[in-house]
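Given as structure tokens, the chain that follows is alone and in the form predicted on its own.
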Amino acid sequence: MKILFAASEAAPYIKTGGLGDVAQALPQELVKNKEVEVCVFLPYYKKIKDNPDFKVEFVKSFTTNLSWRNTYVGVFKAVSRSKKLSYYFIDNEYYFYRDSLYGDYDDGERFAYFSMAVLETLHEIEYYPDIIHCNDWQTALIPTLKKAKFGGQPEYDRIRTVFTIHNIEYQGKTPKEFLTNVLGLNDSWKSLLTHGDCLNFMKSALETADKITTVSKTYSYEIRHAYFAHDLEDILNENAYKIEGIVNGINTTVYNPRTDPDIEQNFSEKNLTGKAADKAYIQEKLGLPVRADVPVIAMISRLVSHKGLELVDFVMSEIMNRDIQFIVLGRGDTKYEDMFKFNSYCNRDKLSANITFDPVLANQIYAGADMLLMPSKSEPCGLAQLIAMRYGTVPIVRETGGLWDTVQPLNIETLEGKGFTFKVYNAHDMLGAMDRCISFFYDKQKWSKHVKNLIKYNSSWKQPVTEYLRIYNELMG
């Protein structure tokens, strides 16, 4: 079985968030099956092109059309040691030789080009997969362009498409003129691509992909309701027959407290001495008093509203009144960055605000913290809670999306369950869950036993991969 995995980012080459982790770990797990080979297609970003550590070779170049544009496509390749996992990089410096991955005025055109170039490359290198697995809005045009531009060609008609929604909030919207000016499609495709007063990349994928998946089971049902769907609920309900939720895993080799080279001292469920050392290390590193007796609560997140930051903001003074230490790592909206900076300035012995993206520091915080706070308004899956549990850090989460699928409420008598949860999107309900976790922290015997149970929890990709393979096989008949 040949699978093409199309994404806008994938570690270890480029990563800004959870998609980068998934696009690394899922293909790596898939090729463990002896009957599967995978190629991952990525834009050849500046940060990849200029990194001498990446051994990438030139394959070929050609041109593709975006309406009236005759545009260069360079194809580069890297091959894993197993030879069953290949990476192809689509090169065009006008679109991708930039300091940032997203957020430019022409993002729609950039990723329309990428989608078209992926499809054209198949003909140029004479490689036709059985499945093209597309991820989020940046590759959402691939199922539509496959039909619109390559329909009727047997090599393309036999390819089946899977589209995974990692976050429905970001949909890829462009003006209606984009249909002819960039995509070069006639009006017969207008209704399929149009949603509201613009073109919507994600909407087109929901209509044309053979299968739709989400990154957790609960999220696959939540997004059929207006509260979560960001105006796509009708389209999702019309296509409900092809929607399925599969909970993400994590790369348990990368995130492993026994072997992680980034943390101060390795540890396992058999000996938690190293976790205590990691706590002292992160406290000292971030300028907090080194105290074993105080619970350290971490937030490792994009600092945006749907992550529940407004709840934290509302009760920040009450949080700071508790005998805790609070560590924040992430970047995002200026108002939340400033909120954490200000409160850190006012509470230097209690709050460390690290407004940056730093994977090494993230792992050190996961290892050293006692608790992880994720009060999300919506959460397609969430990887932070899975990584935290892998490092024996107790999650405090809202019961939504993948958080509900992965963090069952803890029964402090039987120690069944994973963490502390709250249901209603309310600041004081969140604070109540935090207080219950803080109280449990001081029951040292049970706390230690629960931490060991979390480290043993299997959050690998093994089970999710079996579900993806089932879907691929069903699509292939």
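Note that residue numbering follows the sequence shown and begins at 1. Not measured: the values here are computed from a predicted model.
Another form exists, predicted in complex with a small molecule; not displayed. Remarks below refer to it.
Note on the partner interface in the model of the complex: the residue among 375, 143, 380, 395 having a heavy atom within 4.5 angstroms of the small molecule is 380. None of 203, 307, 390, 133 but one reaches within 4.5 angstroms of the small molecule in the model of the complex through a heavy atom, and that residue is 307. Taking the partner from elsewhere, residue 25 is found to have every heavy atom lying beyond 4.5 Å of the small molecule in the model of the complex. The small molecule is not drawn, but in the model of the complex it has no heavy atom within 4.5 Å of residue 84. Although the partner is absent from this view, residue 139 stays clear of the small molecule in the model of the complex, with no non-hydrogen atom inside 4.5 angstroms.
Proximity of residue 248 to the small molecule in the model of the complex: non-hydrogen atoms within 4.5 Å are present. With the small molecule omitted here, the record of contacts in the model of the complex names 162 to 170 of 162 to 170, 328 to 336, 275 to 283, 315 to 323, defined by a heavy atom within 4.5 Å.
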